[in-house]
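In structure tokens, one chain follows: the form predicted on its own.
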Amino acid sequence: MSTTELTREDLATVSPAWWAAAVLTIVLLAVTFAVEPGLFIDQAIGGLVYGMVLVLVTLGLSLILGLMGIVNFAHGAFFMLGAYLSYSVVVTLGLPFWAALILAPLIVGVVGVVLEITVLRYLYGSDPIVSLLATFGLTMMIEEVIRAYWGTAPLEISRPAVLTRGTDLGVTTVPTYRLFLVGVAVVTIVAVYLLISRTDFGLTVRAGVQDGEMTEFVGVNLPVRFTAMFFLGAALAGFAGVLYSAETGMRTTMGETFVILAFVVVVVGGIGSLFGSVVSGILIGVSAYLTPVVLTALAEVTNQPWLALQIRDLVPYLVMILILLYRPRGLFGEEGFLE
């Protein structure tokens, strides 16, 4: 899983307009912090939390796409399934939230393995549109099962008491759970990176993607390793679902919302780049939360109320358009990937 880094030559080709836009962005952020420091910090952390959830969802998607060539549209359904399974673990079974953090992702991973063995294994090497259509059908099936079993009403679970408190940061108080989520996400990202880049398992999977016949010739059981990789990707999506739903609750539309955002993150970061997914997830999350705050502060400073536009849901797509205008393959994408 190599990445194409931004080189000095790339930076040298950036037009003055882009540099001016970067300077303007920094100035606007500074003005916003001066006007509303508490709100700025609060929304920045909220954006970081949102971005980390996007990263966790996208990590699994990026692993499956970048290493296995499968465009897995069912990833959003895995995310939603993890959220709803946490409700059953905590509410139905009466187990603590910590148990849900372990059990729900494992169950989602097993579901992913079943789907990989029965459906997706036969699509390796095929046109990406075939896997996209197949996983879209699987998404519809999983979502209907969720609606049939858990219903369509929003659900919630309770968090441990230690995570319901607030942490004083001086200019504002941040929910402790948000800091917990960021910390867990960082540990998970580092662990996945080490697994893929520093272990025999990750190296043999990457070798199998490059030359499957030669890798199997030296005794590596690629089907088993690909299945294990799919388990990891699905479990990561379920893990993100548990973490996110503990703060916001569960809704039957969360899967389709996050799978679209996950593909946006992959495109912005660059298809095939794990590092790019991390950078773009954080960039999109923080941008989505800070942009309305910046516009509100700008409206206050200039006395122009019409500037206070609430465009949070639009920001990820604006970021994608701007990045692709400058770098069509994404920030760290591999040129020609999947062509």
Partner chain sequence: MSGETATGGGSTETLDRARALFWRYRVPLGLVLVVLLLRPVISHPLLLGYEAVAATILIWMVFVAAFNLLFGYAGLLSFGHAMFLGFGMYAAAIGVSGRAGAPELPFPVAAAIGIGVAATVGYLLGRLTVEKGEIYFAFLTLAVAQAVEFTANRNPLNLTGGSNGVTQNVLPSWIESTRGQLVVVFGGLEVDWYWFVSVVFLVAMLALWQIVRSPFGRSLIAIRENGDLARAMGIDTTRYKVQAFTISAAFSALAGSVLMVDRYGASQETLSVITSGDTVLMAVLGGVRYFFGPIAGVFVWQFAEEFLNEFEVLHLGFASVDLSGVLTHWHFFLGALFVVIVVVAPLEGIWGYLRDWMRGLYGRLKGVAE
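Positions refer to the first chain, counted from 1. Computed from a predicted structure; not experimentally measured.
The same protein also has a form predicted together with the partner chain, omitted here; what follows describes it.
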Quiz item: Exactly one stretch in 155-163, 124-132, 241-249, 225-233 has heavy atoms within 4.5 Å of the partner chain in the model of the complex; which is it?
Solution: 124-132
Quiz item: Is the partner chain in the model of the complex near all of Val119, Met141 and Glu256, within 4.5 Å of a heavy atom of each?
Solution: yes
Quiz prompt | 4.5 Å heavy atom contact, Leu324 and the partner chain in the model of the complex | solution = yes
Quiz item: Is there a heavy atom of Leu194 lying 4.5 Å or less from a heavy atom of the partner chain in the model of the complex?
Solution: no
Quiz item: Though only this chain appears here, would Phe180 touch the partner chain in the model of the complex if you measure heavy atom gaps against 4.5 Å?
Solution: no
Quiz item: Taking 4.5 angstroms as the cut-off for heavy atoms, does Phe136 touch the partner chain in the model of the complex?
Solution: yes
Quiz prompt | Interface residue in the model of the complex among Val90, Ile189, Val71, Ile107, criterion: non-hydrogen atom within 4.5 angstroms of the partner chain | solution = Val71
Quiz item: From the list Leu103, Val111, Val205, Val267, which entry has a heavy atom within 4.5 Å of the partner chain in the model of the complex?
Solution: Val267
Quiz prompt | Heavy atom contacts to the partner chain in the model of the complex at 4.5 Å, residues of 224-242 in sequence order | solution = none
